[in-house]
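As structure tokens, one chain now follows by itself in the form predicted on its own.
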Amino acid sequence: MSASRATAFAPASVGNVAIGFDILGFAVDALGDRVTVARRPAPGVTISAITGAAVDLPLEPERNTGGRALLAMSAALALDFGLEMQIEKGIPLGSGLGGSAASAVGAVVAANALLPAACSKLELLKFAMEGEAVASGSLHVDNIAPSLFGGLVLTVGIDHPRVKQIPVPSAVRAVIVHPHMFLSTKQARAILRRSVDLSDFVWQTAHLAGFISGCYTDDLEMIRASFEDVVIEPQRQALIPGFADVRRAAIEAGALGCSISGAGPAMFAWALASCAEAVRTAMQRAFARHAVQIDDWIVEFDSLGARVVASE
């Protein structure tokens, strides 16, 4: 028997992972959104409360990422009951850590527990994509897929997405650093050029292929050699105070690579567990030299993705 009320936790995520613009991302369990959805008799979707790290969000379902995702689910499944949602934001807005995606994912995972017949994760992914478009202005899945599935995820396609979880060498950790500033996804996408030089296309393709190959074969030197974004990062780095210094500090401290998390301003690095703390300290000090306050985490890649944490 399905529940009448359920709460889901949806983790934060790092999108793009430097060389996989709009197709590659990994989950960050250190923070996330909690979304509660309850059945109500009257059809439709309502949002009764938004609390936590970001409260200035629309209560109109069509303007809210979680609300829009539930509207898409309700319409596709022709639900004969309504859905009431509450969101507890654990991810700051405009952080580059997949906050909009987490709300959408948490909403559909919680609502899924209320259905007579549960949807597949791929179906939930498509509903959540509709919600993410509210925040970013386009359909993309590099934050939604890892938040939903967990781990490092490659997603190919939009209309018919194919999702593949990529293994990460067990000795590797991610260092996440979040500057205390707001940067909207729409703003960060608006500055991007619409065309790419052929030489940059070749290098970016080689780096993506090398990176994924390195992950599958535990080839840390291949990962290190491929961990360079030659297309997006050069255009966006000016939006983050101290970016070049922070990246340089991370590499000098032993990081395999360092880049922008999603649209920014958060940054991330991959490092062996043995030097992850040194990489975090180096990134902290570099941001401090630019008078930028930060939060930071060291995380593994064993996230289970979004899951129901309470139901009744």
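Predicted model, so just to flag it, every value in this text is computed and none were measured. Throughout, we count residues from 1 along the sequence that is shown.
Just so you know, the form predicted together with a small molecule exists too; it's not on screen, but the next bit is about it.
**Q** Report yes if any heavy atom of S103 sits within 4.5 Å of a heavy atom of the small molecule in the predicted complex; otherwise report no.
**A** No - in the predicted complex, heavy atoms of S103 and the small molecule never come within 4.5 Å of each other.
**Q** Please run the contact check for T185 against the small molecule in the predicted complex: heavy atoms, 4.5 angstroms, yes or no?
**A** Output for T185 is yes: heavy atoms within 4.5 Å of the small molecule.
**Q** Answer with yes or no whether A263 is in contact with the small molecule in the predicted complex, where contact means some heavy atom within 4.5 Å.
**A** Looking in the predicted complex, residue contacts with the small molecule include A263, since a heavy atom lies within 4.5 Å.
**Q** Is R224 close enough to the small molecule in the predicted complex to count, meaning some heavy atom within 4.5 Å?
**A** No, R224 stays farther than 4.5 Å from the small molecule in the predicted complex.
**Q** For the chain shown here without its partner, which stretch in 41-49, 255-263, 281-289, 54-62 has non-hydrogen atoms within 4.5 angstroms of the small molecule in the predicted complex?
**A** Going through the listed ranges, the match is 255-263.
**Q** Since the partner isn't included here, can you check whether the small molecule sits close to all of N16, H140 and R189 in the predicted complex (heavy atom within 4.5 Å for each)?
**A** Yes, each of N16, H140 and R189 comes within 4.5 Å of the small molecule in the predicted complex.
**Q** Quick one: from R173, R236, K126, H207, grab the residue that has a heavy atom within 4.5 Å of the small molecule in the predicted complex.
**A** Here the answer is residue option R236.
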